[in-house]
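Quick setup: one chain, the form predicted on its own, written in structure tokens, and binding and motion questions come after.
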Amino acid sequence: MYWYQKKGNEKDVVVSTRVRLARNLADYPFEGRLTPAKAEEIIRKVTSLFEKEAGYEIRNMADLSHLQALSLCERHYISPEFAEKSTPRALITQNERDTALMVCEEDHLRIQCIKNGLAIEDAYVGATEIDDLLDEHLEYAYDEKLGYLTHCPTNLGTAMRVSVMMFLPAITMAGQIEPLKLQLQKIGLAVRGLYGEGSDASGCLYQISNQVTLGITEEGTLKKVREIVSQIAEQERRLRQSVQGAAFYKLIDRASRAEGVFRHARLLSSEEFLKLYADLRLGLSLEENGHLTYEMLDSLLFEAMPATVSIGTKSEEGTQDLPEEYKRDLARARTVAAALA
């Protein structure tokens, strides 16, 4: 079972929580000077630690197609940069614990734990379990003053990023996203889109994460992100509750229409899917829908992304000569309709 198919807390506002740790090995150069031979050496050292551990799956990224790599990125197991690299690299996952380890990304090791809903402490525990296992057998690049040494200086210190993906349609519609970004920037937090830095906030989805890793403890970072996310969630819920009268029924109508399109569309583009997803998810928070759950909608969010839906696409009679975009849109519509049937 994938992380996004599991039950989550505070799902009306929070889609997921991720804790990521960056680590480098002491006796190897950083990425810019890391040769393919040395990268392969790191991969062998790291993967050997997990070969006999229960539940771990080891993938050599060279054995995956570009489409398979993009699908892993869409489901937040790897970063966009990791998906596009051509140098030696490996991925180690443990689905039961919702953990993933990228070997030879920007840093030698990128450890992450991603949980459904709001689960900052659980995600931290999951990531540190992998970190502790690695630390027992490998020597990290570490400095008493600077903390963990990383390829990018902005990660020095704890080298920990805590990221909470939030669904914020009411704040978006109220025109308060830009002021929120400015406020958070002043206290060392960033607001990014669905796939991190440089991505769009499609579907009213935003990632709230810490920017500061030097001069603050891991516990301090967890506490800070937890408090800010709670405040944002309270603001979002308050704005939703303030919607009354005609405005309320317009939003409920939009949700009903979105559900109708999801059930009956023959073609569904990524852009249209995300818009309808946002309408339907907001409607679910305003009025109970016996057919739907947040977990169902968020599973669709990841399963209907372009690469993921393309992997499961089967050619139908009469569609062989269609452009790939249309095949994807056909497959997406079928995937969504089947989930809601």
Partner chain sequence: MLCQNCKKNHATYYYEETINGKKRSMALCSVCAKKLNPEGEHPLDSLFSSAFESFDPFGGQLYSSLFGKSAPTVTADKKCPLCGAQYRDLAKSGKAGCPKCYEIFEEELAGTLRSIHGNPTHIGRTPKRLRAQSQKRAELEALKKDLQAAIAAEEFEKAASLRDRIRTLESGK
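Residue numbers count along the first chain shown, from 1. For clarity, every value in this text was computed on a predicted model and none was experimentally measured.
The same protein also has a form predicted together with the partner chain, omitted here; what follows describes it.
One stretch from 185-193, 223-231, 135-143, 261-269 that, in the predicted bound form, holds residues within 4.5 Å of the partner chain by heavy atom: Flagged stretch: 135-143.
Answer with yes or no whether residue 124 is in contact with the partner chain in the predicted bound form, where contact means some heavy atom within 4.5 Å. Flag for residue 124 set to yes.
Is there a non-hydrogen atom of residue 296 within 4.5 angstroms of a non-hydrogen atom of the partner chain in the predicted bound form? Result no; residue 296 lies far from the partner chain in the predicted bound form.
Would you please decide whether residue 55 lies within 4.5 angstroms of the partner chain in the predicted bound form, comparing each non-hydrogen atom pair? No, residue 55 is distant from the partner.
Flag residue 154 as yes or no: does it have a non-hydrogen atom within 4.5 angstroms of any non-hydrogen atom of the partner chain in the predicted bound form? Yes.
Non-hydrogen atom within 4.5 Å of the partner chain in the predicted bound form for each of 148, 158 and 213: Yes: 148, 158 and 213 each sit within 4.5 Å of the partner chain in the predicted bound form.
Have a look at 235, 202, 172, 128 for me and say which one sits with a heavy atom within 4.5 Å of the partner chain in the predicted bound form. That would be 128.
Though the partner is not shown here, which residues of 39-67 have a heavy atom within 4.5 Å of the partner chain in the predicted bound form? Result: empty, none.
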